[in-house]
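One chain follows as structure tokens, the form predicted on its own.
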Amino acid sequence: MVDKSYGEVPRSGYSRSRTLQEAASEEIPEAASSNYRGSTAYDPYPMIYMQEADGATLTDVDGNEYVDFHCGVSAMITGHCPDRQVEAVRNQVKRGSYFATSVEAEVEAARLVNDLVPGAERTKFASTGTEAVMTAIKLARAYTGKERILKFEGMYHGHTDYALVNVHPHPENLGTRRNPTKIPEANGVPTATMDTVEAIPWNDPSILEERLERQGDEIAAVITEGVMSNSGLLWPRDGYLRELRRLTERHDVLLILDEVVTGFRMAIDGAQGYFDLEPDLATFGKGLANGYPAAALTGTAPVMEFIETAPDKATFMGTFSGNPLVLAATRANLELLQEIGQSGYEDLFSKGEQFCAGIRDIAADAGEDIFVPEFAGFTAIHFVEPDTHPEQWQDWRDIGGKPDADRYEKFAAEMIGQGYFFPPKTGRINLMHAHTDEHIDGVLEAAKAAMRSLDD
């Protein structure tokens, strides 16, 4: 039997990772605490166990080194282990990890978020984006006195029951565009829960207006991302987000902007700044603390101050919400981003656009049909059939099931073997401020070889 390879590195070069995966399979379901990075995410290759990181580079337990373009599933934005953040966390470790009280860093971190985010007048911290979205939905229901939530097909907002409706079903099963079939992402989502969630196609203002005209007096909030981050990176049609804001205001429906991916990555002021959009509530995670388990719920003062310890108000609790170690990391990261400033984000986007253009040219030279969406702090590579016109894709029904996932996985494996860590399955390919022009030159050279190898 031929030993399969990651590009130039044979599987025997991952012997320690393979041993750890075999041990983990006896202790942890799917060998990892998140199914996203579990054994099936890498199959038929072994899981890679990382050991250390610095700047834009990673090193695994077998000593293999990589330039990181996975970036912690978009969580890393300033780079791995920046000195200021490491020192801030180290100092807090010496003081104590948890007190069951608030700490000064909580005030300072909240002030930074409120200063940087256009729609943030008040901020509360949590540990995960899932928690932040869960609380945003609960707060919207409490504040409006209405029970239904409207979301969009193809958008992932964490793994609560209310979010796992019409995330990635096959488009053929969704029914009509105006009256879609509700489909849970997995078993375990109660029908009663699904009855309080509406899901419609994104990027279609007429369908949105029709649904709000019909059910606006029942809908507490509409939740959306600025770009469809978890389903191929589709962008909003020109003016769509402004129309969404206009329609929600007209029908007294709150607008929740999910910035867990785009926050502090798409711009220093996130998708809100990029699109000049001020929602009622917004959720953040990932890039907020550059890889530490931090999330935030922000919003206008009237809505956020409805979170109060009273039976007729909304609640927000959590033992590790606002943990001192994480707050130290958050504050240091936001201070770093302030120093990087607008010019730093312009440089990041310049590198991203160079990467996207380079991949398109390489694929064309290799005779591969691909779709690389516009850069948003991250991008994607979709292998497609000829004459599919992916530039016209607008929503999940357009993109669902269309890209050739197997071909991407082979390409990603080749890139990993050459020392460029890409998502092993189709997903976001990220840049961070630690990437240099040399990293972009190198990854494009590796991509040339990877494209040429696809039919070997």
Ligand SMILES: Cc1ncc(COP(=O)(O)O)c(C=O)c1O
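We number the residues from 1 along the sequence you see. Model, not experiment: these values are computed from the prediction.
There is another form of this protein, the form predicted in complex with the named molecule, and it is not shown here; the text below is about that form.
With the partner omitted here, the stretch from 212-220, 360-368, 343-351, 253-261 that lies within 4.5 Å of the named molecule by heavy atoms in the predicted complex is 253-261. Looking at the named molecule in the predicted complex, residues Ser102, Lys124 and Gly318 place no heavy atom within 4.5 Å of it. Note on the partner interface in the predicted complex: the residue among Trp202, Phe383, Phe378, Tyr156 having a heavy atom within 4.5 angstroms of the named molecule is Tyr156.
Screening Gly299, Gly287, Gly270, Gly129 for any heavy atom within 4.5 Å of the named molecule in the predicted complex leaves a single hit, Gly129. Contact annotation for Asn230: at least one heavy atom lies within 4.5 Å of the named molecule in the predicted complex.
Though the partner is left out of this view, Glu198 does not reach within 4.5 Å of the named molecule in the predicted complex, counting heavy atoms only. Contact between Asp280 and the named molecule in the predicted complex is not found at the 4.5 Å heavy atom cutoff.
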